[in-house]
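Alright, two takes on the same chain below, each alone as structure tokens: structure 1 and structure 2.
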Structure 1
């Protein structure tokens, strides 16, 4: 029973992941949307894709015993945003002032 629902989870995740991959391809292939709109759709799909992977494959959820994993992932995200964002800010500023 347990095993069965776990398989179902993986299948569900796989279908969602395929779908979220197919949409961006469809948008670009058929040129249904252009410019920033296309980029926005791709960006949203990418973000949802990350959440789908975390939830269905890495089993991250908001339930009590998984809370620690979620906290660590959020902390990692925060630190990466600070470090990468800060680096881009500093070095683009330096680049700008060098010219």
Structure 2
């Protein structure tokens, strides 16, 4: 019975991941939203998809046993945000100085 439950979890995660991928493609392809609204929908779908992948495929939760895994992923995410944000900041600053 546990195998069936685990399989159902993977199928549910896969369906949610497909849906969260299809929504941004649909928004851009049909031009249903424009500008910041489209970017907001894409950003929200991306964030929710990260949560779906972490929960359904990486089996990361807030339980005590998985706490160290969650802390490791959050720290890695912080480092990536600092690196990406710093790169964008520096390149933007250089772009403004060149014009």
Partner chain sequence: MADALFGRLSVDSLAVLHVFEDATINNMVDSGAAGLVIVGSVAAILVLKVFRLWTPLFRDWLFSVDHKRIGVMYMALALVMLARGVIEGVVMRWNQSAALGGGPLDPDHFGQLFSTHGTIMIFFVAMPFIFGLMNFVVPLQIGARDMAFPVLNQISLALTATGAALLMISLVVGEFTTGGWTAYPPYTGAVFSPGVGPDYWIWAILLSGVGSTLTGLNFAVTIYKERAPGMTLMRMPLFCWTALVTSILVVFALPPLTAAAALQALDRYLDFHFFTNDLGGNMMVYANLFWMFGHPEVYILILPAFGVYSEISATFAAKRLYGYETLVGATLCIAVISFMVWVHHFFTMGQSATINAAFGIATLLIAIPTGVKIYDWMATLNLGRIRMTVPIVYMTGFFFLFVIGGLSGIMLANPSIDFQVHNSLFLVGHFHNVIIPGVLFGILAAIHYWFPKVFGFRLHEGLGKLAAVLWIVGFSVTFFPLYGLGLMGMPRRSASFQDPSYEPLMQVAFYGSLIILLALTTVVLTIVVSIVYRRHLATPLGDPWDGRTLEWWTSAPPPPWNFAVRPQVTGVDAFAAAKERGDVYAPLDHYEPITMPAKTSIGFVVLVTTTLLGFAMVWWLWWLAIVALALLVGAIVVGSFYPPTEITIPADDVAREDRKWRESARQDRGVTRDEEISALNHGRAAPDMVAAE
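The term rigid core refers to the maximal set of C-alpha atoms that superpose within 1.5 Å between the two forms. Residue numbers count along the first chain shown, from 1. Note that this is a predicted model, so its numbers are computed, not measured.
The first of the two structures is the form predicted in complex with the partner chain. Once the cores line up, the CA of residue 22 ends up less than 2 angstroms apart between the two structures. Relative to the superposed rigid core, the position of the CA of residue 89 differs between the two structures by 2 Å or more. Once the rigid core is overlaid between the two structures, residue 12 does not reach a Cα shift of 2 Å, moving by less than that. The Cα position of residue 79 changes by 2.5 Å between the two structures once both are aligned on the rigid core.
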